[in-house]
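One chain comes next, on its own, written as structure tokens: the form predicted alone.
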């Protein structure tokens, strides 16, 4: 179940743990740990209306998180209305980077629901311990681990069917734990045909097929020392993207890690973890199944990342601190081959990502100082060194035609610092934070070459001489929590300097037939983004839970024009009934029309919409077998609609009836 604790910007929850203090201290202190918006799977199936939904469907329920949709599969997450370039997405702290220049393969697409323990979303500059080169926030997918417990074996069987798109889901998981060894493993398969919009029209090229296999394991070397490992293999094939001009022939990901953990090292240091990891992503786009293509193209891409992190947790007096060092090396390359219809003409070839190499190493220090029972102060700082450039001689020579003074490699210094003050007054929490951080241009922004963007119909060229983008952030939050109700209000403001975005260059000619022109990434003097969220929860008659959410955002460039892909005013309300083994719920989601849109970047006015969903569920017990059945209807009124984040206004699903079955053995 996606659990949202209503408190600060990301709806923080609190867990109080008493800590020992010096005898000279007359005040007993408590360590205040934060657990940011968390998604749990497997354990609370009675409360989750659709347990076998995709990771994307779970993410879109979280505050401060939105998703850009280009089809029925692999949606791109955003945090605080900032996309891939400005946020960090990791899996168990591992850095993984897309292999697709069109972002068809976000990091979140390589984790399945059976392998997910929780979703850690951090807002802004202090968002995530493992964040690198991000200023908007961090998202870490925590994998499910069986852990070291008394000997136990658990097997789950899962299946689901959805009427819209003839969507089939089947999977199985196994978990074994003992005091010395544990493992959990699984296999999950999804396949969908083209789905239908609200007017019963078929959204062509929205089909997909996906297979995911995973295993996590741990071995205890001694009472305080252990090693853990992870292997994930994910392959998607025949993935249609109706909002784009090309589809995906295959997307393959191999993700591996091995870590060493030691507990209770000394009186000061209580936990130390060091992890080595490697991942290989291969992504192949083509348009061979599209009709009336002027010139067929193949666009393969790959991303390989190797890295490590070492994190030490400690406590000294009223200071609760974390010291972490991490490094990674990434190779990203993508190419395009164009095949003329006249076989007498030779194919044309170019690098769109010319074998880009990035090395990054950094040190993070985080200190939570407990002033007294009512006040805490948290300071976080990170400094990094990054070296990036173009390894391909052919690609380097090509870019030099546009930037004669560019060097093949360049060094950048990156850093961030943030502080957060928290005051507790009985059931009330007040929080205020400030921060400053920088980021380097992404591979696309620095070295991309004639990348076609179907959203605004422009081709994009990077600029390796861009300045680092920087941001000043301010945030504030109020939360009131009572046994039967809670309310939270939070806001954040980002002021960017040297904001990186593409602008038209009329001196350059297009390569894509029908493109409106060429844009080159450049630094704007400044830009701003503001976000605000209101969340409420009310429990009545013991079994009824009423939740509400309101969200508002605004983004402007240096000329006060709207930035692209900024969410309009949105709202949701849900009423759930949960009583032992039975659950039922209904929810309404919607948004006002998008009037502050950016025509320069391909946006138009998005009409207002709302949809209604409903579900029921029951947990059965037959001896040692415990089936859970969930049945629901999404978009009950069969509305035809698109949101601001639907690429090229592709419509979302119309009415969809689903059934989920999970059996615990």
Partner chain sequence: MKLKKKYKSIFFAILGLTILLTSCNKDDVKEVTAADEVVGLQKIDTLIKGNYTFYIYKKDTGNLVVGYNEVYIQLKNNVTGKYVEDATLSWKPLMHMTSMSHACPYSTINKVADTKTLYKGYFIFIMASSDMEYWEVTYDYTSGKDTLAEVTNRPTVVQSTGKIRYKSFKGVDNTSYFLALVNPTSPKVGTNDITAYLYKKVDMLTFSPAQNYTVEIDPRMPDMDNHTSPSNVNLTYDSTTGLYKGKLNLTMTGYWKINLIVRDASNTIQKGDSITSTTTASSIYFELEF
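Note that this is a predicted model, so its numbers are computed, not measured. Numbering follows the first chain given and starts at 1.
What comes next is about the form predicted in complex with its partner chain, which does not appear here.
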In the predicted complex, the residue from 402, 269, 369, 278 with a non-hydrogen atom within 4.5 Å of its partner chain is 402
Please identify the residue among 556, 510, 274, 118 with any heavy atom within 4.5 Å of its partner chain in the predicted complex.
510
Considering only heavy atoms, tell me if residue 397 and its partner chain come within 4.5 Å of each other in the predicted complex.
yes
Partner contact for residue 493 in the predicted complex: its partner chain, 4.5 angstroms, heavy atom:
no
Although its partner chain is absent from this view, report whether residue 449 comes within 4.5 Å of it in the predicted complex, heavy atoms only.
yes
May I ask you to check whether residue 166 falls inside a 4.5 Å heavy atom distance of its partner chain in the predicted complex?
no
Tell me which of 141 to 149, 567 to 575, 478 to 486, 333 to 341 has residues with heavy atoms within 4.5 angstroms of its partner chain in the predicted complex?
333 to 341
In the predicted complex, residues of 286 to 312 near its partner chain [heavy atom within 4.5 Å]
295
